[in-house]
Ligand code: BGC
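Before any questions on binding or motion, here is one chain by itself as C-alpha cells, the form predicted alone.
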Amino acid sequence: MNGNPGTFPRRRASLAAAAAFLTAVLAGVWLGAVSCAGGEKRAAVFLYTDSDPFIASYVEEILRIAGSDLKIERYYARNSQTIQNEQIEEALARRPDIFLVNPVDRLGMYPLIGRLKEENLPVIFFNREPLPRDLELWERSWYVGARAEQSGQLQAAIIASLFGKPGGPAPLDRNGDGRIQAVILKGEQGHQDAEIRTEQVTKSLAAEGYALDILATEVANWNEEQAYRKTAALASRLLGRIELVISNNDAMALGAIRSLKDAGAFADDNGDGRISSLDKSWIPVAGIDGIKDARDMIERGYLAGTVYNDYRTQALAVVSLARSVLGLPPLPAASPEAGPIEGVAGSGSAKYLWVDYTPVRQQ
C-alpha cells in the first residue's frame, strides 16, 4: 500500500509542530475570542449519526486527545436535523463551554449560529461545512475540514493510474472500446461533498482525456448496506459491462465489493492464490475516507484505492482550537504524527482550518 503515489507527495509533521502552528495562529487571530483560562471545561459534540464508520473514528480520536481538563458530551442525531436541533436545545440548558457540531444539514445552520451568538457560546463545525455567510454571522464560529474538490481530484488520479494513458494499452478496458464504463455510488442527493466529489472525479478524468460512460448513478446515503443492495440490482443486469465503480466514500465501496463478489466478480481466475487486477473478473472500485476496513481491503486486493480523509489531524485541529478558545493549555507533544494544517482567513479573522487528503492505493 502506498500513501504517496504518483505526483501527489505529502509533507508529514509531528503533532507538536501542528499544535504549535495552531497556537501561533490562534494567538495572533483569535485572541479576543479566548475565554477565561483555568479549571475544567466542557464540550458538547453533536454528530449526524452513530452508524458512519468515518465519523465514529473521528469522534474517538477527539475523545482520545481531548485531555482530562476538557470533558466531552456526545449527542447522536440519527441523521435527523430535527433531533439534532432538540439535542442542541437540551445541551444549552446544561451550558457547556463550547459546541462542536457535525451538522445533519449544512444548509440549516443559520438558526443555530444565531442562537449560539445570543448565548455568547463558541462553536466549531467539522466534516460538514456550513454556508460561508452563515459562518460569518458569529465571530466565535469556525470550520475544520478537508476540501471536497481535492478528494475527487485524487480519486481521479488513482483511477488514471489503473487505466494507463488514454489511447494506450488498457487491460482493464475489458471490452476494448477505448472507453470506461462506470457506475457511481453517490453519498446523498444534493449533499455538498457528494456533489463536489462526483463532479470533480468525472471532470478530472475527462480533462485528462478519458472517455467515461456512466452506466448508472445510485444514491446510497454513505451506507454500506444500501450500497450492497443497490449494487446487487445493478449487477443483475450490468455485471458484464461494469469496468469501474466510483464511490463517494469507503463504506459504500465496501458494500459494492461484497455485492459484486456475491455476483461472481473478484474470483481468483488465474489461480495465483490472491485477488488482483490480473484476474479477469476483478473490477476496480475506488473509495474515499481511508477507513481501516478499506485499507484492509486494499491489502487483500479487492479495493483498488481510496483517498484518506485525515480524521486524526482534523480531530487535532478541532481539539487544539477548542482548547485555545477556552484558555486551556496546548496539547502535549507525545502523540502520533499529524499532517499539515492550513488556516484561511474569512472577513478579517481566520475562520477555516483545512487538512489535505492523501491518495492510498494498491502497489
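Not measured: the values here are computed from a predicted model. Residues carry their position along the shown sequence, with the first being 1.
What follows is about the form predicted in complex with ligand BGC, which we do not show.
Visitor: Residue-level question: is Tyr48 within 4.5 Å of ligand BGC in the predicted complex, judged on heavy atoms?
Guide: Contact check for Tyr48: yes, within 4.5 Å of ligand BGC in the predicted complex.
Visitor: Though only this chain appears here, would Val325 touch ligand BGC in the predicted complex if you measure heavy atom gaps against 4.5 Å?
Guide: Heavy-atom contact with ligand BGC at 4.5 Å: absent for Val325.
Visitor: My question is simply whether His191 lines the interface with ligand BGC in the predicted complex - judged by any non-hydrogen atom within 4.5 Å.
Guide: Looking in the predicted complex, residue contacts with ligand BGC include His191, since a heavy atom lies within 4.5 Å.
Visitor: How about Ser320 - does it come within 4.5 Å of ligand BGC in the predicted complex, if we only consider non-hydrogen atoms?
Guide: Ser320: no contact with ligand BGC in the predicted complex.
Visitor: Considering Gln84, Asn127, Gln155, Ser259, which brings a non-hydrogen atom within 4.5 Å of ligand BGC in the predicted complex?
Guide: Checked against the cut-off, the match is Asn127.
Visitor: Only one of these stretches, 160-168, 237-245, 193-201, 224-232, has heavy atoms within 4.5 Å of ligand BGC in the predicted complex; which one is it?
Guide: So the stretch in question is 193-201.
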